[in-house]
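Only one chain comes next, encoded as structure tokens, the form predicted on its own.
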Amino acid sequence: MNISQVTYPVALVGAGPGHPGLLTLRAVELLERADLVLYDRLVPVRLLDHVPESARRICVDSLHGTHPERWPEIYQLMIDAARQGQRVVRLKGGDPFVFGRGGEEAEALQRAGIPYEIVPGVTAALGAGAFAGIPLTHRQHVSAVAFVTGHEKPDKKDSFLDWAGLAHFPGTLVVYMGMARLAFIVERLIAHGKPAQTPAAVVHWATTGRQRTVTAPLAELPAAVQQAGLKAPALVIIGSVVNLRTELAWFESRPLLGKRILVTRPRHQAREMIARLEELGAVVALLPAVAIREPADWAPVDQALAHLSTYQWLVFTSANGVEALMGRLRQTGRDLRALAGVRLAVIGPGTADALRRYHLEPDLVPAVYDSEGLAAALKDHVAGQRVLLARADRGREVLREQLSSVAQVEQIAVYSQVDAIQPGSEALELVRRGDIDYITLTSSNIARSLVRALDEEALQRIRSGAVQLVSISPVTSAAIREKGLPVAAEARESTTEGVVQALLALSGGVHLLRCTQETTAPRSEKYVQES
């Protein structure tokens, strides 16, 4: 087949060692345009958020047979999709060309006449060394590093490993896939002359909130690892640079390290909170409890937009409302000039930021970011005037009721909130099994949707305190308690950062990354405040 007949090259892309932030920009570009993504089991699921909803996603572990038996099927899937004109991304843990079989896959594509592109990734050794505080080279210690596979069979006749050479290698050794044979690897190195007291480390789940590191003299490393209960995935680092960890370790002191947190916000709004929690070391799972949809009927919205000049105030109770109304404004052939003369009020700083993305500055942001606070702040300004509330199709009526006592208020549903939790989802199973420590709830609608989806076993874990609920506001807390469930912590401020601070206080974590002054006036809350 002529290579020119294939529309798009297949991309063999390195996903990095586990931390979603270590993905390259080129990798993101390719994922955002992909029609088919074939990904490894250890690739962070969150990376698939970059993939269009219409794209096929296939975890290669779901293919039939053992791992070696899957290789021909992986090759054929890439080849067939490329020949059909699809954009194919083969997403591989770490770097495709470092113990990732990227070379074999590239060869298969070459034989089939399929063009391809290789996108390097941060290989596991670099991630493990950096996040464990172990520099793989250091001017006062070593000037060389060797990457070694520990996956070869002990009786393999054509082994590429020169144990004598590795034992006397004048630098750092990093062993991939060596956990199953750790005792054998250590025995071989020492037998060929590596000093038994050589500093050594095993880094488990490197660069993620699950990361754990064990250090010991080389001869004692297998026993130390067994005592700590560490298993694959992990890397072994051997050399004098391991001693530098005592001074340079930084990641494993993060205040939420290893805490398993379930975020329940809509997917498009959850990224910021997830990134913030991961920054603090948490292991985050996502379960969007509600989804944002167009309203069932645009007619009331269109009528209000046609008469915007008759309103003195336009009030937004969420960033979703801003996006929905501005989108409809464009769809109906209008632009920002339609808002001339209309004053704008928002419920909080995140909603204000949503307005600013359209080059609009809010005239009013309340000191307290809830419906009661917004009503109190607005009353004196809107007395005797016409007010348009742009909001969701379900939620509390507090704002309309309180403003109606002083103003003429019209309310329009610019978007719809629908329950989005699918029965049997993996995140629900995590709660049921007790593999979640905390659940964040950022509106009463989200809280009610979650409770409706939980089975009795999961609910019992919450009632017992094995799984703890963290609420964004008193309103959300009240909705949780109405369902007979305890609230373990409530944010002092109804913002993303307020929820994070509540988690830190609840877990006993010390906030190291942002000072108090920064957190008292957050500019990044993007939750659905309406409930």
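The first residue of the sequence shown is number 1, and the count goes up from there. Please read these numbers as outputs of a predicted model, since none were measured by experiment.
Omitted from view is the form predicted together with ligand SAH, to which the following refers.
Comparing 372 to 380, 86 to 94, 385 to 393, 241 to 249 against ligand SAH in the predicted bound form, the single stretch with non-hydrogen atoms within 4.5 angstroms of it is 86 to 94.
The listed set Met177, Ala81, Val409, Ala354 contains one residue whose heavy atoms approach ligand SAH in the predicted bound form to within 4.5 Å, identified as Met177. Think of it this way: in the predicted bound form, ligand SAH has a heavy atom of just one of Val414, Val186, Ala206, Met273 within 4.5 Å, and the residue is Ala206.
Among residues of the shown chain, Ala124 is one whose heavy atoms approach ligand SAH to within 4.5 Å in the predicted bound form. Although the partner is absent here, Pro233 lies within 4.5 Å of ligand SAH in the predicted bound form, judged by heavy atoms. Interface residue remark: Gly100 is counted as part of the site for ligand SAH in the predicted bound form, having a heavy atom within 4.5 Å. In the predicted bound form, at least one heavy atom of Leu42 sits within 4.5 Å of ligand SAH.
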